[in-house]
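What follows is a single chain, given as structure tokens, in the form predicted on its own.
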Amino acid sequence: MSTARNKRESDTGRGNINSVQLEGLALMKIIKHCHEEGAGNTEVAQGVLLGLVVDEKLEITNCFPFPRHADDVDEEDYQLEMMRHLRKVNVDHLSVGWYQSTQLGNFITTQLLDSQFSYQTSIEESVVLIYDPIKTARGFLSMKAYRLTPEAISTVQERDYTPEALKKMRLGFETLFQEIKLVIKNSHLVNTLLCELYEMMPGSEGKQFLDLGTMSTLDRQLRCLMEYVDDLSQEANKFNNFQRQNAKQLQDKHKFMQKRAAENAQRQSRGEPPLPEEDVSKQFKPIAPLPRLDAMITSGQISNYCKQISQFCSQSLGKLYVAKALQDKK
């Protein structure tokens, strides 16, 4: 199976994905699963994406969820069994990534990084879809597709997150994940059905999306942002302590070498042999470099929160201006 997949990847050049086309049926399955799994709790819903690659476009046509609270079920065996059953009924069964729910855009974590790295190194075309049910409930469908950049894959592969390694790879929180253009597509029959359902919908439906009260959502986003800013401040303090320790060690090393040179000069003036030179690195053991992965992920999450707050405020201002114009006409 892996040999055939590797042959497919080498034949079509699957690593270069410019856009993701998501079928409406797969989208509804993801939304249904995330709302059922996350109802009344903060658990993360996850599942497998199925589809195929056409040129430089990844088409996602189906999906299925991971088993929930099933400790005795092996996830890999479960996925293979599900794909085997889908193949029997002539449904797209090739894995092309995974999806995950999030709460107010809080998804940039080390777990996501390691999971996407595992998917993308085994299946080159893999993407991760991030769905936010809270934002969707306020009238804005929040579904985004991400992939790891080549620099991020190389860095995670080496497991070297020191400042020198990140600087060498030119990797920062801006270049950790790459957002892929996402397009939702429905068949003509589904579009016809949606038109009929829209005509059957009561006139009162959808009015909740015109709610002008935005303080609750904005307050939660700002509180989450403050927590991550505190975490980043702690990471900055750790790095500053490391820099001070490193500078103090260099200063002590310089003083030791000056003292040894002065002692040797005095001994030479008295006609005595100089002291044997000792290895300075043994006298002063180098301080282990501080990994910067947590700080980089925290910075990426802060940047994501800032973008979401800016977009949310812009949309809220648009609502307010529309409401003001309607009120003026009255």
Partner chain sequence: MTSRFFMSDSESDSDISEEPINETQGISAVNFTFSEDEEDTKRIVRSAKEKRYEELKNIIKNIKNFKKNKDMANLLSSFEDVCKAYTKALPVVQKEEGGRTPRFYVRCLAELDDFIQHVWENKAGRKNLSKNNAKCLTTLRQKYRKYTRDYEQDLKVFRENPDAPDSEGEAELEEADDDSDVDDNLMDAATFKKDITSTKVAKKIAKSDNEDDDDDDDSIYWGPDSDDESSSSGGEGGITNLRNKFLKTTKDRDEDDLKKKKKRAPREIKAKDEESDGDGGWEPVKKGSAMPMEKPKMFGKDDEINVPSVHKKLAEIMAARGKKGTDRKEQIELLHELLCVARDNNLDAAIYVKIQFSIIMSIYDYNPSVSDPMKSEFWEKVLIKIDELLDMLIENPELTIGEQVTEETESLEKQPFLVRGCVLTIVDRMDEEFIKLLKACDAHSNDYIISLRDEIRVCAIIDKLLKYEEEKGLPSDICRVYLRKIEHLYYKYEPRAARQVVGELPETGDTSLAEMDRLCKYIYVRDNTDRLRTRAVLCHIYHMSLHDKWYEARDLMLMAHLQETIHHSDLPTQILYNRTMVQLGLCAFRHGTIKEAHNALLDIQSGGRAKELLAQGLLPQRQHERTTEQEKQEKQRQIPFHQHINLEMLECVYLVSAMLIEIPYMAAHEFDARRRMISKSFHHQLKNSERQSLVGPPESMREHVVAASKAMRNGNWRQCRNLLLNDKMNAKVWDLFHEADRVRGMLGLKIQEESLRTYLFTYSHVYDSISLIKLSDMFELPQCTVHAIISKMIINEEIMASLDEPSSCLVMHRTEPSSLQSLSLQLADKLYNLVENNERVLDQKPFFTRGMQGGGYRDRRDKGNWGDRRDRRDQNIHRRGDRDGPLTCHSHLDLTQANELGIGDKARSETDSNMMRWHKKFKVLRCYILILGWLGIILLFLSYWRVETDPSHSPAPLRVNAGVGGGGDVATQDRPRSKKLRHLCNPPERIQRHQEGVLPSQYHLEGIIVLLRHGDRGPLLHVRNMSTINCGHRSYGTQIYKRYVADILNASRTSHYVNTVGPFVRYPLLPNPARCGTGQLTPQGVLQHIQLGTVLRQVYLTQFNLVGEHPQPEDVVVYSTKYRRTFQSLLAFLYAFLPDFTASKVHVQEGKGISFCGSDCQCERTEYFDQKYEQERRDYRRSHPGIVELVRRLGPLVRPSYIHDEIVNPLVMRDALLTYVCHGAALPCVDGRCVKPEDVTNLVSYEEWEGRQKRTSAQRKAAKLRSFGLLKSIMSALDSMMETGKPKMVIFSGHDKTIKYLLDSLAVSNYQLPHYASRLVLELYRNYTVTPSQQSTQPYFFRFVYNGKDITKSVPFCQSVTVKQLRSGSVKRGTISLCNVNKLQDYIKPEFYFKDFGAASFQEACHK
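Residue numbers count along the first chain shown, from 1. Between two forms, the rigid core is defined as the largest C-alpha subset superposing within 1.5 Å. In this text the structure is predicted, and so the values were computed from the model without any measurement.
This next part talks about the form predicted in complex with the partner chain, which is not shown.
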query	finding
Contact check for 167, 239 and 323 against the partner chain in the predicted bound form, heavy atom at 4.5 Å	yes
Listed residue that, although the partner chain is not shown, lies within 4.5 Å of it in the predicted bound form (heavy atoms), from 159, 223, 84, 255	223
Listed residue that, although the partner chain is not shown, lies within 4.5 Å of it in the predicted bound form (heavy atoms), from 180, 218, 193, 153	218
Interface stretch in the predicted bound form with the partner chain - options 185 to 193, 106 to 114, 92 to 100, 172 to 180, non-hydrogen atom within 4.5 Å	172 to 180
Residue 302: touches the partner chain in the predicted bound form, heavy atom cutoff 4.5 angstroms	yes
Partner contact for residue 233 in the predicted bound form: the partner chain, 4.5 angstroms, heavy atom	yes
Proximity of residue 259 to the partner chain in the predicted bound form, heavy atoms at 4.5 Å	no
is_contact(residue 139, the partner chain) in the predicted bound form, heavy atom dist at most 4.5 Å	no
Threshold 2 Å Cα movement between this form and the one not shown for residue 322, core superposed	yes
